[in-house]
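Single chain ahead, written as structure tokens, the form predicted on its own.
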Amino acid sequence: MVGKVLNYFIETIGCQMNIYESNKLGLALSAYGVSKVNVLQEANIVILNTCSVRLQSEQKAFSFLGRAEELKKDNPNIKIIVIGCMAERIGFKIQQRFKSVDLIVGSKDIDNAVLKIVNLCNLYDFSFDKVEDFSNIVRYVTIMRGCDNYCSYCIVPLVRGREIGFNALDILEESSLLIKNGTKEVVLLGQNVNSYRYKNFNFTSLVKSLATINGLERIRFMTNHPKDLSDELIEMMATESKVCSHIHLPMQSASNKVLKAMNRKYSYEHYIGLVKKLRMAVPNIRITTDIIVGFPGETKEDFEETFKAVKEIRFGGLYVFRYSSRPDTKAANMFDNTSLKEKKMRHRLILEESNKISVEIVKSMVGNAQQVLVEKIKNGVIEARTSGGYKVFVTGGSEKDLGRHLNVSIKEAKVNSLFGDIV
């Protein structure tokens, strides 16, 4: 492919960590003179970053590969590359089903993806001068890889390996570079950031060190495992002004029986205790969560406990998933006693209640002023975010507002979005 104009297209399926890895891979490719395109048909290097956490994610990946394979029939020079968790788990099956795939790179080998793509496509002209502008206001930074928790439904430890904390000095250096290029908010990523360790650093000390970087204005992090959320971290959230008043704390279920079967290693009583501690330390904190309905063995009574918890805790938003069996997990050997129809009903009930609560919360902000960080401006419309993570839209903005903190008077509220005017 040397001498030809090269364009790459990345389709990313999955979590924020996948988004981070796709962005990092894209920046590296741009340094080799490969341009990013947003239309699949314009690319001659097609990259699919995959997820294996849910069956639906894998089905999306197969659908995308089918479209890419059709393109390759018309242009055999197209290179198709599959990376990530699905590539790790069933890479050989992907290769068998889609003969058009040129390269498979699993999640455990993701650090070598750039080199393998360079060799595959005969790229040679590396220059940092060619790196695309990455002065996005909000950037992800991965601080660890893998997971040691082995929740019975989760495939992550199998496809990403054991938990490894990245070099803290490298994390601080990467964050500093982003800030020098215009970033105002850094989002730290890990399967369980609370258990981060590197030499003398734990997660709290890492965040405190990050907060000393000049120019950094906000710090977020996800995901937090309830069993490792420490009083030290909660205190730091209360005292460090750069840390956002938002935490994503997956509950999964409010039934202790189901939590035990999930191997979550905490009780509902422990979880609700953390919620109370967080709200006492940070009164305006927004707590979001994940919930799985229809887990093997979940009865209607177990579901009612979870539904009751959603009503009582009043999360500032949640993601609810219908349980689907993942191969090689412990839950795959459990009897799935809930019909798809029942799972859909439980999913709908949780979502409806959550949306109702979210509307009540955001409507209480109407008439008040909220401080926001401006992340994007398009056609004069500002897209910003509060410290709690709510999106705010404001008309009448200009490019000079990008990256600035503004006070916005809230005039209208929808489920998770606010609309207002600059004060």
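Just count from 1 along the sequence shown to find any residue number. Quick caveat, the model's predicted, so the values are computed rather than measured.
If you look for the form predicted together with ligand 5AD, you will not find it shown, but the lines that follow are about it.
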Contact residue in the model of the complex, from 322, 314, 108, 286 (heavy atom within 4.5 Å of ligand 5AD) | 322
One residue of 103, 349, 154, 261 in contact with ligand 5AD, assessed in the model of the complex (non-hydrogen atom, 4.5 angstroms) = 154
Within 4.5 Å of ligand 5AD in the model of the complex, heavy atom basis, the matching stretch of 29 to 37, 63 to 71, 354 to 362, 47 to 55 is 47 to 55
Residue 235: heavy atom within 4.5 Å of ligand 5AD in the model of the complex?
-> no
Contact of residue 220 with ligand 5AD in the model of the complex (heavy atom, 4.5 Å) = no
May I ask you to state whether residue 252 is within 4.5 Å of ligand 5AD in the model of the complex, using heavy atom distances?
-> yes
Proximity of residue 290 to ligand 5AD in the model of the complex, heavy atoms at 4.5 Å | yes
